[in-house]
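Next up: just one chain, as structure tokens, the form predicted on its own.
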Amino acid sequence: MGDEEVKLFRTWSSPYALRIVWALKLKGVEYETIYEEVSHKSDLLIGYNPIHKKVPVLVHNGKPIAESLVILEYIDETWKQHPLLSDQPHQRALARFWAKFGDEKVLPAIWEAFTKQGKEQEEALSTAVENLKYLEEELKGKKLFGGEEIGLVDIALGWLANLVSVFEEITGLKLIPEEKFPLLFNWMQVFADIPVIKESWPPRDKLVAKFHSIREASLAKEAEKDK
């Protein structure tokens, strides 16, 4: 497969695009990175992903695939080394469920807690805690969601191992305290320290600056609405 052409359209900070970076590196797939600017998306990106017009987009031998969870499964089906999904149908279904749960339940609640304040923040935080309890339960008896090896769920939830601490630093909240979520807290440390993962994190100072600006803008918008 040495003559294959693999390109990844991404931004420097997108946690969704980072999933694809991890998967490709874990499988040892060589690829070209094309960085996009959120405010000035290239015609090439829009042509490859005309519906959502966003990253990540993987282009394999000229054929584009969009949406990070879809891309992850495509990568796993195309390059068999270091499988991300089990060969058992039930285990594959469970992995897809938890990956979707992360995107549809865990991330929105944490994001709401990060971008709101007052009563709205408290409600979002309460929802986030309830969702995180399910992840804590799922980790019982396991080092990683994938067991002993990184799997699809670990990659899908990998943003927790980085962005949660960024959000905590900015807001002063403790989103995943060790005393409340010991298994999840330990998973974040183990996952973040795996060499392929560790070497791919975006610069922390830039992330803090970016998300601080996002939070300030969100709070200012809410304050303007309340006038």
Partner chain sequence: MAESDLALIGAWQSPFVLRARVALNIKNLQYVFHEETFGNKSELLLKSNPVHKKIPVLLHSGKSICESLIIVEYIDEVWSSSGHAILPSDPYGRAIARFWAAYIDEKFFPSLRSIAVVQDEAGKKAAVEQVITGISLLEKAFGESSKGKPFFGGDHIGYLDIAFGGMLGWIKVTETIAGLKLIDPETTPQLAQWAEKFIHDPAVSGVFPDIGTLTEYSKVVIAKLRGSAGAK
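Positions refer to the first chain, counted from 1. A quick note: this is a predicted structure, and the numbers were derived from the prediction, not measured.
The next section is about a form of this same protein that is not shown, the form predicted together with the partner chain.
- Screening 160-168, 25-33, 51-59, 183-191 for residues having heavy atoms within 4.5 Å of the partner chain in the predicted bound form returns a single hit, 51-59.
- Each of 67, 105 and 134 comes within 4.5 Å of the partner chain in the predicted bound form, counting any heavy atom.
- Within this chain, residue 198 is remote from the site of the partner chain in the predicted bound form, having no heavy atom within 4.5 Å.
- Not displayed here, the partner chain is kept clear of residue 112 by more than 4.5 Å at the level of heavy atoms in the predicted bound form.
- Proximity of residue 63 to the partner chain in the predicted bound form: non-hydrogen atoms within 4.5 Å are present.
- Proximity of residue 118 to the partner chain in the predicted bound form: non-hydrogen atoms within 4.5 Å are absent; the residue sits far from the partner.
- Applying a 4.5 Å heavy atom cutoff to the partner chain in the predicted bound form picks out 63, 64, 65, 66, 67, 70, 73, 74, 77, 78, 89, 90, 92, 93, 96, 97, 98 from 60-99, in order along the sequence.
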